[in-house]
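In the form predicted on its own, a lone chain appears below as structure tokens.
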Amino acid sequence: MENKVVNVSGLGLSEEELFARVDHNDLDSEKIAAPRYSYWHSVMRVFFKKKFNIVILILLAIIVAFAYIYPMFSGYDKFGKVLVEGAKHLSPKQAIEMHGFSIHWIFGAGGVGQSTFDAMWSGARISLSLAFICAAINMTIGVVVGAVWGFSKKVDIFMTEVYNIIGNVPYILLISVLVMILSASFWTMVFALTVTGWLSIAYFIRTQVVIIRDREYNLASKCLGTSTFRIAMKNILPFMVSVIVTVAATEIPSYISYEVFLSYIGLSMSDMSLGKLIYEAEGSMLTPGFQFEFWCPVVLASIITIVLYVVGQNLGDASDPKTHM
């Protein structure tokens, strides 16, 4: 394409009409003509962009609703049918024939005549509560300590020695010993899972902080006199949101797995959690007609851990600013 030169003098227009003076404004020159960026808005946009995430999130909402709301209205009583003749160890078909069709009996009846369906969700409430409380404690302590640990070289020397001593003790062994020494209750399990559970999280965060602590903006903040704690909280942790979410995604399901495992080997807490249900129904696993009592809580525990893990992992991926482009 040829470039043509146009002689504006032949247009019959004055200079005022052809040209307009633009005043210089320092404030206007600093404005960037780009759409406003919101971090969490971008996270939600990327997360909900995948239809699979919506489906799995709905499934998680249903699980949480049944675990926390359904037991409030189910009227579940483990020993409510213990004196009813022929009400124990019933398959779904037998339970419905005996008690009439109801959501309570769609998975049959257990060893003392209790509804397996109601027992599952009552146990799920306890197991989920344990996982959420332990995750909140361990993640809070682990992230804060890990950030300071990685940025302060004095803290690094001390905490590394602590980690080398405690970190070499098998975690599951430490939990088992604490549960055996203390009374087996809900808060005993919380204590056992959190007394040193935060240490591995702190070490992982420390490793990530070491990678980014010597970047220019952190050195500049340190030269200006900013405290180590403030640099860790304001400069480093916001940069690691996706990493923290990913760690939480693996931590929350792991506590349910620990609780189920400890219950299965006989170190269960007194509360009727999913692990306790599995432990009590262990003898029904190979008994013809009784298998529902064992496999129902096993399947529910597996679904809960998988859903929590998938939601957390996908949310962690969406939290990475690199995916917001």
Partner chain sequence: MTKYLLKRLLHGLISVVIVVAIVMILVYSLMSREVIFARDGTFTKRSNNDREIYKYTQWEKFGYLDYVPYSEYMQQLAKDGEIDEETRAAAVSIAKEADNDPEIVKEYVEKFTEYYEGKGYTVVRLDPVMLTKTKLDVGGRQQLFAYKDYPLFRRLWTYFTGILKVDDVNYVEDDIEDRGLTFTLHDPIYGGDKFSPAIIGNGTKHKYLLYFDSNFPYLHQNLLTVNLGLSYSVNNGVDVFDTMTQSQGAYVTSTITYPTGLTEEAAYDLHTATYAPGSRDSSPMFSDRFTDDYTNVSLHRANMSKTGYSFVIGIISVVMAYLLSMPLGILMARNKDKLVDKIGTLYIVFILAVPSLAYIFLFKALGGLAGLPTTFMMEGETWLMYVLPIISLALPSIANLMKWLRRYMIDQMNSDYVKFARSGGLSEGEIFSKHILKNAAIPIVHGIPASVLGALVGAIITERVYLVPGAGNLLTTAINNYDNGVIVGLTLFYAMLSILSIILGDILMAMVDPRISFSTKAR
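The term rigid core refers to the most C-alpha atoms you can superpose between the two forms while keeping them within 1.5 Å. Residue numbers count along the first chain shown, from 1. None of the values given here were measured: they were computed from a predicted structure.
Missing here is the form predicted in complex with the partner chain; even so, the following discussion is about that form.
Checked against the partner chain in the predicted complex, the residues Ile211, Ile103, Ile181, Ala220 give one hit for a heavy atom within 4.5 Å, which is Ile181. This chain appears without its partner; in the predicted complex, the one residue of Ile69, Ala61, Ile265, Ile54 with a heavy atom within 4.5 Å of the partner chain is Ile265. Looking at 189-197, 225-233, 163-171, 212-220, the stretch with residues near the partner chain in the predicted complex, meaning non-hydrogen atoms within 4.5 angstroms, turns out to be 163-171. At a distance of at most 4.5 angstroms from the partner chain in the predicted complex, none of the three residues Leu130, Ile205 and Val247 contributes a non-hydrogen atom. Using a 4.5 Å cutoff between non-hydrogen atoms, Met285 counts as a contact of the partner chain in the predicted complex.
In the predicted complex, Leu315 stays away from the partner chain, with no heavy atom inside 4.5 Å. Under a 4.5 angstroms non-hydrogen atom cutoff, the partner chain in the predicted complex has Ser176 among its neighbouring residues. The closest non-hydrogen atom of Ile278 lies within 4.5 Å of the partner chain in the predicted complex. Counting a residue when any of its non-hydrogen atoms is within 4.5 Å of the partner chain in the predicted complex, there are no hits in 119-144. After superposition on the rigid core, displacement of the C-alpha of Asn168 between this form and the one not shown amounts to 2 Å or more.
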